[in-house]
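This document starts with one chain, in the form predicted alone, laid out as structure tokens.
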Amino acid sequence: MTESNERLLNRRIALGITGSIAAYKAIELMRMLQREGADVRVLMTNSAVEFVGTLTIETLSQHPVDSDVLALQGDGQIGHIASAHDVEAIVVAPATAHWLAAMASGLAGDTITAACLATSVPVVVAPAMDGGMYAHPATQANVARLREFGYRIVEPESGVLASGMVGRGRLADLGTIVDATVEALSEASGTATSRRSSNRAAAPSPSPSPAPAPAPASVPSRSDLRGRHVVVTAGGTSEPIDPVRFIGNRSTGKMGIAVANDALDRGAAVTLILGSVTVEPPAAAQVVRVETAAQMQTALQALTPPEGPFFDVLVMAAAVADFRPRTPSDKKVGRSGGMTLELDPTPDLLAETAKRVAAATKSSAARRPVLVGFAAETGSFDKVAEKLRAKGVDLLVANDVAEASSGFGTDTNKVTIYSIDMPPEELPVLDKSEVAELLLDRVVVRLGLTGRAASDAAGATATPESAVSGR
């Protein structure tokens, strides 16, 4: 995709989301359109709401989601009709086989088909489905029919699908969809300009043109954490046996560092409490190096004094060793006699920090931060919901480290996000950077930060430097 340069500045776009597993990608597509300067409002089918819900989208778009074809707006207007006449383009992504068939037949059973039927603006459609479904003659006939309508089709890509099979059906690259939207609007503007020129030549005394539409209100951007202090723990801890040996784990720190990078991209000040890692931390973060669980505990205690936490968000992505030698040796232990280790459990840093935060915010005016933990499981997530409640956090991200796609050291992760007030949200296999971005989208919702509110919050919390030093 062409680098963002506000190619859609002040353009009003409707994003239609249908019930595909790829619906989670529509949130990032919305943000990419916003970064190009667009004001985006969202239409959803009922099945899409089941996949991704509306809270995150409404918070980040600053518009209510229109998912009920029978609903009226506050001023009495029919929602999808108002959208059809107020926007300059409609982007349907992802578009399911069912939606393609309904649209090709002119059925208006959801807000997206209804809006498309009622509008004359450009429509961009990005299908996503199983490969066999997309290749079926019926689907191909429906796609051809939409092309006859003048709709711009952004063909799906080939790759691994949600079913685990390989085929052509993956949602197109989001940048390609944005580019197609820019091109569709550019072509529509060119056609309108040509018509206006022709009309002026035929009519020497045209009536005054209407006043231009006002610029939309500020839209969310990648600055939605500006003025916020995000603390991230990453990597593994090393619990010494003797000066040359230790108990550790396979953590590389990739997931935590991905979270830190995305928080920085969103404008946050980031403190990274870093154990053993195999990747370089971001230069813009303040890095606190630790080796043991006890050292990480000390760093977290410095950030959560009795008068309140020095952060707005805490993401505990580190893999803290569960056990440590009871009596580590100060000299190298010889190998001739073998070794027997007595182990003690390390403290539960996530639960301990959550308890300290709860006590501090209850007894003071300090605002409670958003607390996020990670749970590395093997085989079953049966105990994750119980862990979420026991640890006292807002979100708990579970992954099965026994799976090849989500174990330690991989560039991908397959997680389920557990929330204190929402059903578990299972995500497919994604790059860890994508997991980080989707996770922080949900954190932003919990902070209640959008657009200008994030900017107004600047300076409201302690800087990382003062937090770590305890000032």
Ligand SMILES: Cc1cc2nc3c(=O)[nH]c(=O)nc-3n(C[C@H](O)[C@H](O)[C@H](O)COP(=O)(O)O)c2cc1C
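Basically, rigid core = biggest C-alpha set you can superpose within 1.5 Å across the two forms. Treat the numbers as computed from the prediction; the structure is a model and nothing was measured. Don't overthink the numbering: it's just position in the shown sequence, from 1.
If you look for the form predicted together with the named molecule, you will not find it shown, but the lines that follow are about it.
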| item | value |
| --- | --- |
| All of 18, 51 and 96 with a heavy atom within 4.5 Å of the named molecule in the model of the complex | yes |
| Partner proximity in the model of the complex: residue 133 to the named molecule, non-hydrogen atom cutoff 4.5 Å | yes |
| Contact test in the model of the complex: residue 47 vs the named molecule, heavy atoms, 4.5 Å | yes |
| 4.5 Å heavy atom contact, residue 128 to the named molecule in the model of the complex | yes |
| Which of 291-299, 116-124, 273-281, 96-104 sits within 4.5 Å of the named molecule in the model of the complex, heavy atom basis | 96-104 |
| Core-superposed comparison between the shown form and the other one, residue 51 Cα displacement 2 Å or beyond | yes |
| Rigid core superposition, residue 266 Cα moves 2 angstroms or more between the shown form and the other one | no |
| C-alpha of residue 132 off by 2 Å or more between the shown form and the other one on rigid core | yes |
